[in-house]
Every structure is written in C-alpha cells, then in structure tokens.
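Take a look at this one chain, the form predicted on its own, written out in structure tokens.
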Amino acid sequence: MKIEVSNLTVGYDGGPPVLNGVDLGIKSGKVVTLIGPNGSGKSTMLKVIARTLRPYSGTVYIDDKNVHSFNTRKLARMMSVLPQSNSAPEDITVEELVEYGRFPYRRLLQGFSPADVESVDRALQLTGLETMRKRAVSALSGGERQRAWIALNLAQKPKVMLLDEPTTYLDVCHQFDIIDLIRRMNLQLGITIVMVLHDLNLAARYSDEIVVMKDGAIFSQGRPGDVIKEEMLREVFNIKAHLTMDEKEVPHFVPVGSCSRAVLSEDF
C-alpha cells in the first residue's frame, strides 16, 4: 500500500506546529526510513500516519483514501504500529502476546478461528520464536522481546507497518537481527515499511529510500546514496564525517567531530 501525506500541519494540544505544511510520498512495498535530529518531527509523522494524532490541517492518504475514512477495525487490518516503548502484563506468554494481533479479525464472544491460529503460528515462525511461545515475555532478552512485539504486528497481517526506533536499547548484534528481520518481512510479504532510525548507517544499508527531516520539514528524500552526503550530515546533524561507498553504492559514514562552534569553558 502506498502512503501520501499532503500539506500536513500538526502539533500537540493546540501548541505550535511540530510539522508545518509537509508533503511526503511513500511507494507501496518499499522500506522507507525517517532520519533527523531529535525534535525534527520523525515520531510525530508516524503518529499522524497511524491516526493516533490528528493534524491541525492536511491529509494522510492510504491508497488514495483518507486515513480517517476507515473504521478502526479495518485500519488495524491494514496497518500495524510498533511504538518506541511497549509494556505487557508480567506473566503474559509470547504466544498470548502475539494473539493480541488477531483482535481486529475477531468477533464478539468468538473464539480463535483456524485462520487466527495459523496467523499466530506463522508470525512466531517468521520471527524465530516457535520454541519460546510458552515463555513469559518478561523472561526474554531485549532482542527476543522486540521480536515478540514484531510477531504481534505480523499476526495482524498488515500491508503497512510503522516502526518507531525498533533497535533502541539493543546491542549491535541484536540491532542487525531486528533490521534483518524487518527487511525479510518486506521482501517475503511485500509489507510497506516506514520506520524511524537513529543509526544512519543501518538506515542506509536497509532502506529503499531515506527521508531526512529537519525543523518539522522534509529536508531531502531519495535513495540512500543520493541522500547521505557529507553536506547533509553537516547541515542537518551538525557533524563532520568521512563518507565512503561500498560496491553496491551503499554509503557508510564515520563521524570525526562536531561542527559546533561552541567552546568549552576553561573552568569546565
């Protein structure tokens, strides 16, 4: 499914706009990553697309239909959301957590159907959690717990998945595990992925397109090799960096310092 954001202006509780007149297009079946400094509007953009935050003005379209035209159940069958932080009851098992992903398909007082069971089993298989299905979520490692939440999203059978900083608090190995999993979901299932990442090298390696945000606006959008430039890193992130390209024209940068002119006090 494709996503289009048109002339979007949004803020919180009537306050000043966080996003102001933003336009954004996301093609169906692509992995698109939002990057930018803190406060640039990345998470706010996801919230508006997910319909958890209503804009002051402007419209979000899903396959040319206003996102607010869908009822909640239908939207949940099309789109899943993985926020920055999650919580679950202390004693809930992995299987029970993943089963929550089937709620948009269930009717009142109806038990789990064969389709529900199949979807949960498939989600556990795709995330490598079959042998952990009876374990308590609280007993999992950080990487395993994140896979369980992704499995919940997969059980929804979404066509669009929104992920806000899915690698936060994970070590380097588990960061790669999670991003590898997300890319496989995209390639095997055709899910349109929109995510926020802070690791720009991960974003460059795993994304079809990157959207750079600064001060509540789109600074640039395009293929990683066209977007990740030394000038962009300096202007948006205020860092000096050495940039190289690998054999697949994927950029990789090494930060070498801040561009800030602030001078530390001698008394510091």
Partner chain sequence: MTVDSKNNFWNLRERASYRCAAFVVLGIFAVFAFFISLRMGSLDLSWTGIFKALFIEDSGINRQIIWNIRLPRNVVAVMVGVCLSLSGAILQGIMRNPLASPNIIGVSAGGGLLAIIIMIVLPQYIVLLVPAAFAGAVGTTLVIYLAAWKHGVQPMRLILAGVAVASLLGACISALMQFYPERVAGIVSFMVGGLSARTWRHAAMIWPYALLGTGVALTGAKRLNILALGDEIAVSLGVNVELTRAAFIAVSSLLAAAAVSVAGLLGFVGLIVPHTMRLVVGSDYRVLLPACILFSSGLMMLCDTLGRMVIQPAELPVGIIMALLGAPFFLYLLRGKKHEN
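Owing to the predicted nature of the structure, the values given are computational and were not obtained by experimental measurement. Residue numbers count along the first chain shown, from 1.
What follows is about the form predicted in complex with its partner chain, which we do not show.
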So which of Arg135, Arg122, Arg183, Lys157 reaches within 4.5 angstroms of its partner chain in the predicted complex, heavy atom to heavy atom? Arg135
Sole residue of Arg51, Arg223, Lys214, Lys30 within 4.5 Å of its partner chain in the predicted complex, by heavy atom: Arg51
Lys42 versus its partner chain, in the predicted complex: is there a non-hydrogen atom within 4.5 Å? no
So in the predicted complex, is its partner chain close enough to Thr168 to count as touching (4.5 Å, heavy atoms)? no
Is Leu187 close to its partner chain in the predicted complex, meaning a heavy atom pair under 4.5 Å apart or at it? no
Non-hydrogen atom contact Gln175 with its partner chain in the predicted complex at 4.5 angstroms: no
Just to confirm the contact call: exactly one of 194-202, 175-183, 89-97, 122-130 touches its partner chain in the predicted complex at a 4.5 Å heavy atom cutoff, so which is it? 89-97
Contact check for Pro17, Pro37 and Val67 against its partner chain in the predicted complex, heavy atom at 4.5 Å: no
Taking only heavy atoms into account, state which residues of 59-73 are within 4.5 Å of its partner chain in the predicted complex, ordered by sequence. Thr72, Arg73
